[in-house]
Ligand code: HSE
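What follows is a single chain, given as structure tokens, in the form predicted alone.
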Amino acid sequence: MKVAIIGLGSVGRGVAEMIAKKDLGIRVTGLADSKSGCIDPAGIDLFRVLEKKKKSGCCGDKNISALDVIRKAPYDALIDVTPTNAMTGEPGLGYVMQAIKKKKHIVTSNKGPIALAYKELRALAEKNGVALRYEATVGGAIPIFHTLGHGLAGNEILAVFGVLNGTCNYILTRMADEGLTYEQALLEAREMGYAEADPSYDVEGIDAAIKLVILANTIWGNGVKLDDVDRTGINLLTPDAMRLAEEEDCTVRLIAEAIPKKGFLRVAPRIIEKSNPLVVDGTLNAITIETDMAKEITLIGRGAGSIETASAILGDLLFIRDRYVERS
């Protein structure tokens, strides 16, 4: 199976490293970062490219762009691991559309295109007879979409509840366990590399809301957007609020929840009992799916990390290889 990778940040490097290390029958024939690209129909030496990227900041020829790779490289599936743009979805949205129009399968970790243009992308993929896979957009290594589409096939999904942002979960865990203020816990999260210099995307609930939109559109096809999510972040929480929860043998977690029959789509800090399976520590993610037959299923796992996200991307790639490429 031949693939092209667009994006060589932390996740892209993790994907390239795992493809290079594992004998999965996957050959990378095109590769691009934000400054350069390379194309080799015989297969790119990924170890050499990763070393070059580490030393120079570029993966290849500065005269080769991401669009050149998408248009000219020979590949079966495009892996889009470009950064998420919650407002426009670009440049990932344009890259994905270009590849689908060329009848290429898509695997992406980029939340922007899936949250903003899911219906259009799904329709375009169906028209061109290709797969659109995005396991890595929600929950990192947690196989949520595979579980929904296969493990729970035949069930009616009634509701979804989740801890979907590791940065917020780390901050709330530290506030609860050590009595830290929000500011102290945020500073610690930055020092640990869990929070960005500008943490608003995480702490204001935007990231969790985007993931909730992706889940809702996938499960119910209701065409919801980010603006449809009632959103409250964790940045106003105080140690007093955490102590009050503790007195009731409870804690606080940022919960994303969707209950379509009630028209309910919300991300907000909630007081929940410590026995609730969504009470996970540190940067872990957890998702509870409420169904008519299986009742409640909870999945817990690492919600971020380059290798963890690569796990989800490779799972999607191998699904495409087995279901589409080897049969063609």
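When you see a residue number, it is the position in the sequence shown, counting from 1. This structure is a prediction, so every number in the text was calculated from the model and none was measured.
There is another form of this protein, the form predicted together with the ligand, and it is not shown here; the text below is about that form.
query = Does at least one non-hydrogen atom of K211 fall within 4.5 angstroms of the ligand in the model of the complex?
reply = It does: once the ligand is placed as it appears in the model of the complex, K211 has a heavy atom within 4.5 Å of it.
**Prompt:** in the model of the complex, does I142 have a heavy atom within 4.5 Å of the ligand?
**Reply:** Flag for I142 set to no.
Answer for G166 alone: is it within 4.5 Å of the ligand in the model of the complex, judged on heavy atom distances?
-> Contact with the ligand, yes.
L318, heavy atom within 4.5 angstroms of the ligand in the model of the complex = L318 lies outside the contact set for the ligand.
**Prompt:** All three of A195, D207 and A304 touching the ligand in the model of the complex at 4.5 Å, heavy atom to heavy atom?
**Reply:** Judged in the model of the complex, A195, D207 and A304 all sit within 4.5 Å of the ligand.
Next item on the list: Could you check which residue among K104, R174, K111, R133 gets a heavy atom within 4.5 Å of the ligand in the model of the complex?
Entry: Looking at the other structure, the residue within range turns out to be K111.
Interface stretch in the model of the complex with the ligand - options 123-131, 196-204, 150-158, 253-261, non-hydrogen atom within 4.5 Å: Result of the contact check: 196-204.
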